[in-house]
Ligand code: SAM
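Listed next as structure tokens is one chain, alone, in the form predicted on its own.
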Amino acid sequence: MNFNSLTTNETQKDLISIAEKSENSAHWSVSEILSLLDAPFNDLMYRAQCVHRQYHDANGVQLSTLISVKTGGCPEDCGYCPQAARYHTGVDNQDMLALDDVVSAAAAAKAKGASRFCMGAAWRGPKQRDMDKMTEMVRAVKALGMETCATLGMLKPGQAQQLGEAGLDYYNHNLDTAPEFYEEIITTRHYQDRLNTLQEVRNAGINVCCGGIVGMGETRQSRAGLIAQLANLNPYPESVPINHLVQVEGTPLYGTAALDPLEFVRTIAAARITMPKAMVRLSAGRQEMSEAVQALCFLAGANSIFYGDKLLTTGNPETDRDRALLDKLGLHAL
């Protein structure tokens, strides 16, 4: 599908075609998504905004807060991650947080307007003793009236079921990048391992939160490949976090050439068009984005952010700054 040099009527007809495909087709080819990413910027933004308005509150943004309940010491070799034990990043291996500390953090997040509380742990995958503590945390946060999300690494059979029975609403497990680029970033687990965990989550009736990271030295085609993998999950994720690499000294990806900010916006737009009903979240990397770039991301269809002072181990725009930006743009919390 060629999106260049379209008349207004052609653009509108094409938009209808995309919306129908977004809703009804089981497959997006990499070439189709690459065609989206290659489109003139204004045309791409127009299509993404129209699809967004068809399925979502045009000016609503869902606020999530993320906390690390177990920091550092991870045995994996993800090239972007400061929590990998093998890298010297200044992130120490810490014990799991106490239940009271997690509940206090969740209550504070709710008081500041967050509707979802996400709990992350630096594990390859949780052990049963970890699961006992995590299910207790999920129940306690759920009792506050918040949506709950967890990202704990790979899940063994039965573990997703335990989390679901505790009341977990979402499980985050990102694909990170396209399959062909994956081994450039991670060698300690396979792409299929990630897909297997996502299937465990689906089988347990938990909503899937799954996205990726851009700016890791991948090509535009690899970004198209990532979006294709996400959009072709059946069903596609309910929540799609798009992360911009935060370069941390000591990790292998430190010093990677910076991604053009407009390329990040294009990726958001492609995610919105191909996964129209999903919440598309601006995740890691927002601290380095200007207000103008964030505004373009919202225009491209992003309608969720991580809200608070910290994302696991890296910084995030402060709550007051976020509120000021949302007010400036006339956006409201969902």
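Throughout, we count residues from 1 along the sequence that is shown. The shown structure was predicted, so the numbers you read here are calculated from the model rather than taken from an experiment.
Below, we refer to the form predicted in complex with the ligand, which is not included among the displayed structures.
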### Message
I have Pro82, Trp123 and His173 flagged as a candidate spot, so tell me whether each of them has a non-hydrogen atom within 4.5 Å of the ligand in the predicted complex.
### Response
yes
#### Entry: Residue (of Ser222, Gln162, Thr151, Asn207) lying close to the ligand in the predicted complex, criterion heavy atoms within 4.5 Å
Thr151
### Message
Just to confirm, with a 4.5 Å cut-off on non-hydrogen atoms, which of Met137, Leu230, Ile213, Leu155 contacts the ligand in the predicted complex?
### Response
Ile213
### Query
With the partner left out of view, is Leu34 within 4.5 angstroms of the ligand in the predicted complex by any non-hydrogen atom?
no
### Non-hydrogen atom contact His244 with the ligand in the predicted complex at 4.5 angstroms
yes
#### Entry: Touches the ligand in the predicted complex: Lys110 (any heavy atom, 4.5 Å)
no
### Task
Using the partner position in the predicted complex, report whether Ala39 sits within 4.5 Å of the ligand, counting heavy atoms only.
no
### Message
The chain here is shown without the ligand. Which stretch in 128 to 136, 230 to 238, 82 to 90, 96 to 104 comes within 4.5 angstroms of it in the predicted complex, by heavy atom distance?
### Response
82 to 90
### Message
Do any residues of 187 to 203 have a non-hydrogen atom within 4.5 angstroms of the ligand in the predicted complex? If so, which ones, in sequence order?
### Response
Arg189, Arg194
